[in-house]
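First, one chain by itself: the form predicted alone, in structure tokens.
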Amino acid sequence: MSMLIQVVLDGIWSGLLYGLVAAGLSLIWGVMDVLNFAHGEFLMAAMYVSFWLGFLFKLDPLVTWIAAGAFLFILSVLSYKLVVKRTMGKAMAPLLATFGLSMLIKNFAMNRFTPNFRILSDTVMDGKSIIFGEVVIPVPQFVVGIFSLVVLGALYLFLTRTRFGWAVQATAMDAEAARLMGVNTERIFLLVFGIGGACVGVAGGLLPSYLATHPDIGTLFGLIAFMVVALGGFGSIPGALLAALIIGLVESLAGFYFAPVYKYVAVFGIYLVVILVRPKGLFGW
């Protein structure tokens, strides 16, 4: 029983992180109907910001997530103005443009930082664990998971309890009608893309506390974020969180009870089954 609890808890920490990574993508997709293919590379860029601040200035990820989130907000706003805005409404153009942006970011990182794995040592949470009997909870994963839950809760309240959030919901439902009612949809698109980037920036800023940073790390996280959004329903933050928890638990249980090499087989299998049964996701309408 203690082993099962351990595996389930590991899945929950992973799921909470996936939920935060996917929240920004879900928001952008739901409001703007744009698939940001560079989402995983945005996470990788945030990890490098956090890593270098930690390596050069001895700042902990518990602090540098702020800088990583701010940097990704600025990067996302610039990406929207220079790339996304010019391609919106042109069939596959936004997807291809953001794919090109992802290749640019990844190859820039490889060129400047090499493909080497970089580990941030001597962090505040490094090597610490909380022990309950036979159950061990690594402090870095626990803190990142709780932090992800708090950020997701704040984002949900922001979207449902503020005037700006209501304007975002109106734009997502019908951008033309919202524009006729006086909503500045162009400003909404700009800020939504920036907030989506900031969410993944916060996640990336925290990850160097227990994961190695390298140019390819965004690829897997990007794929998982796409699955979470598709499973949870486009634009649904609670749906993204629940779908992320399902994926985290399936990944953890399959990796333990079968073999680590099968965990993503199980995850993608669940994804295919759900999409075949409910094309709009578990919580989409």
Partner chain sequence: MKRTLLAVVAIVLLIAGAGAQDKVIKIGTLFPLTGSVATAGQRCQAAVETIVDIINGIYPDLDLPIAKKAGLLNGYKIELIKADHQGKPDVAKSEAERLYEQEGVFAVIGSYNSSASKPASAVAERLQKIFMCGASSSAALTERGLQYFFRLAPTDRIENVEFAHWIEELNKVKAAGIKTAAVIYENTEFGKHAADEAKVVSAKMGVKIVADVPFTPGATNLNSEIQKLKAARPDALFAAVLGADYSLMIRTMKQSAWKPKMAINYCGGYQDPKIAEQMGKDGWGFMGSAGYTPEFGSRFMKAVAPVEKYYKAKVGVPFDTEKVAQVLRTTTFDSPLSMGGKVQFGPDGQNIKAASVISQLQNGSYVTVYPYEFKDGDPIFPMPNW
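Positions refer to the first chain, counted from 1. All values derive from a computational prediction rather than experimental measurement.
Just so it is clear, the following notes concern the form predicted together with the partner chain, a form of the same protein that is not shown.
- Although the partner is absent from the chain shown here, none of Ser26, Asp33 and Ile275 has a heavy atom within 4.5 Å of the partner chain in the predicted bound form.
- Stretch 256-264 is the answer when you ask which of 256-264, 33-41, 230-238, 60-68 has residues with heavy atoms within 4.5 Å of the partner chain in the predicted bound form.
- Within this chain, Ser209 lines the site of the partner chain in the predicted bound form, having a heavy atom no more than 4.5 Å away.
- Heavy atoms of Met110 reach within 4.5 Å of the partner chain in the predicted bound form, making it an interface residue.
- Using a 4.5 angstroms limit between non-hydrogen atoms, Arg118 touches the partner chain in the predicted bound form.
- Although the partner is absent here, Gly145 sits far enough away that none of its heavy atoms falls within 4.5 Å of the partner chain in the predicted bound form.
- A heavy atom within 4.5 Å of the partner chain in the predicted bound form is found for exactly one of Ile246, Ile224, Leu53, Ala45: Ile224.
- Of all the residues from 133-161, those having a non-hydrogen atom no more than 4.5 Å from the partner chain in the predicted bound form are Glu134, Val136, Pro138, Pro140, Gln141.
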